[in-house]
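First comes one chain, alone, set out as structure tokens in the form predicted on its own.
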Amino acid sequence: MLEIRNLRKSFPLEGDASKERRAVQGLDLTLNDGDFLVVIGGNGSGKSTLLNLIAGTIRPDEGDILIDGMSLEALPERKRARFIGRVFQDPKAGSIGDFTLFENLALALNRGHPHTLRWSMSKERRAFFVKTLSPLGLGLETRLDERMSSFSGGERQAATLLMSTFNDPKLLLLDEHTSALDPKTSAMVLALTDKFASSIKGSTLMITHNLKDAIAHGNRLLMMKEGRAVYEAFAEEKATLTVADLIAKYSSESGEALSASALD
């Protein structure tokens, strides 16, 4: 379970360091195990700041972030990675291009464990990776000894998704992880996302600019504006939403038209 209580984060205003931009303003949020929350909002709404605060990339000014009742306050990003899986917007960010697929998988599998890469280079591990890659349907199980730099963006994201769910994370963070992909590849990665999100025991939080994807995936939706939650939809209501509904809801809650970028 993820619990966020009165979370706040401000940054110096660009061009005038004497003023602040409130990126997240007193946000409260609870995600139960099995929840898949999709977060939407215009540029500057606080979506990415929220995700980075949870991951530990930046620290909050105020508030608490807890996973299964444990505060993350004292844990740096590298230690949070033991139980938080993350997939970035850039397909290259989730793997090491000069390492082979096997080596990347081995490093991900060892995260949080006192084993060396050499220990992982075993026949048993190879068999395990073949078994886990085969259901993806991309043929990656036949390319274990190829460098990740030779893989397409979609293939790297698919592999990163798999690696992010190794060791059954308590929370899976997806940072606009399909925005750099073409529509066909994006649909493939999102289908895998649904599969992996349902396979972990914890919860999933996905940021997206695509309103159709926001409606089609997950069981909860959160709309943000200027660091605040302005609208939230749960399973039954979310299942009935349309893109027009979201545009109207954003306008009524914020008093502004939804940015065209949200439809990209």
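Quantities reported herein were computed from a predicted structural model and do not represent experimental measurements. Note that residue numbering begins at 1 and tracks the sequence as displayed.
Keep in mind that the form predicted in complex with a small molecule is missing from the display, and what follows is about it.
- In the model of the complex, the small molecule sits beyond 4.5 Å of every heavy atom of G34.
- Using a 4.5 angstroms limit between non-hydrogen atoms, S203 is distant from the small molecule in the model of the complex.
- Proximity of N219 to the small molecule in the model of the complex falls outside the 4.5 Å heavy atom cutoff.
- In the model of the complex, the small molecule sits within 4.5 Å of a heavy atom of N43.
- Heavy atoms within 4.5 Å of the small molecule in the model of the complex map, among the stretches 209 to 217, 194 to 202, 44 to 52, 64 to 72, onto 44 to 52 alone.
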